[in-house]
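One chain comes next, on its own, written out as structure tokens in the form predicted alone.
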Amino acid sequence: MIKSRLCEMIGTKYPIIQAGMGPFSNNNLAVAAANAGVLGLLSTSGLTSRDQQPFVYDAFIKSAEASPDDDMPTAIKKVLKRTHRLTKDKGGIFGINVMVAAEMAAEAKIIIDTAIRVREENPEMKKNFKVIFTSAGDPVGWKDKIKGAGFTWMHVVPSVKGALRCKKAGVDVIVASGHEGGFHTSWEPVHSMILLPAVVENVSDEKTLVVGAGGFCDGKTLAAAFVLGADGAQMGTRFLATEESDFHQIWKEAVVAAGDRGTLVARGFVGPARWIKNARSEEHAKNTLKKSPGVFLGVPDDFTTIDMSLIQFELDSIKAVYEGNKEKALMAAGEAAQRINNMPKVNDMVQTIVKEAEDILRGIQKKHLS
């Protein structure tokens, strides 16, 4: 069996993280992933969409066993208790993914404060609810809140500079996300083959682990993560296209059908995003080039400068996914989509990935080391 410091740190069987993808909830996927022996991450972005995307919010509430009348802390408490109830007997390990971008700081504070409080009020959760995973923002300002709360803290970054900020904040596991990744990607196109070993060289030590993300989807790429010095791999698109995934069926089918050169980059709510290539995303890419060229030049913009027609196009396109309207749907996915051609059960997929990685690593040793 593969040995990994990630497994030792958080108690999973396998060194894989199921990404906390949005905008749709992944409350059922996270349970399936945790029970399959990997880290299952609950996405919380759906909780912030009550006004702009009520269909996303309603889906989150329903799969959280919550009520539309619940306030945010109550809904969080219910989804955490549900997830614990469904994972505790199998020893599944789970966490929450929280976007901490400046635009979402107020909501992030509520989510993180509530998660800390709920776990303290329910100490039996501590065996399973072990991770706070932050993304899309600077981790340093969250140090005082998260460090010392008893969680393993993970944060995702697209650069060595970002990894060094994580180091300063005291993040336990730094996830280096290459430009291959789906949906929210970095302003600068640094891919995993370059980014991951660079981050490992700069921050990995006895206290700080590094995990690769972006392009990881099978045993070959998991083995590659280890060869590049990582302690594991995060997979998003691969978990999206599974039977238990909460994402709409047309989104899952689009991943499976993507094929060679099946994605492109265009604007995506908070910056560059990688979308499955179709007529709608190609139109969006053209509009991005005209109205937000910084996406392709590495020059960030924000809601004070962006042409909001781009954002409205994205909102309308996500709603189209929910309605099953393929003609108007935008569906995000990583470049790994072109390597995905089936929609298995999560446990079967995890077992296949791990066995393939183990066989490859053994084979490398036999073939290349005398």
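What you see is a predicted model, and the numbers here were worked out from it, not measured in a lab. Sequential numbering from 1, following the sequence displayed.
Below, we turn to the form predicted together with a small molecule, even though it does not appear here.
Student: Is A19 near the small molecule? Define near as a heavy atom within 4.5 Å, in the predicted bound form.
Tutor: A19 belongs to the contact set for the small molecule.
Student: Should T83 be classed as touching the small molecule in the predicted bound form when contacts are defined as heavy atoms within 4.5 Å?
Tutor: Output for T83 is no: heavy atoms all beyond 4.5 Å of the small molecule.
Student: Residue-level question: is W153 within 4.5 Å of the small molecule in the predicted bound form, judged on heavy atoms?
Tutor: So W153 does not count as contacting the small molecule.
Student: Hey, in the predicted bound form, does T242 get a heavy atom within 4.5 angstroms of the small molecule?
Tutor: Result no; T242 lies far from the small molecule in the predicted bound form.
Student: Only one of S45, Q53, N35, N27 has a non-hydrogen atom within 4.5 angstroms of the small molecule in the predicted bound form; which is it?
Tutor: The option sitting close enough to the partner is S45.
Student: By the heavy atom within 4.5 Å rule, which residue out of G92, G95, G182, G232 makes contact with the small molecule in the predicted bound form?
Tutor: None of the other options qualify; the answer is G182.
Student: What stretch, of 212 to 220, 83 to 91, 107 to 115, 140 to 148, brings heavy atoms to within 4.5 Å of the small molecule in the predicted bound form?
Tutor: Within 4.5 Å of the partner lies stretch 212 to 220.
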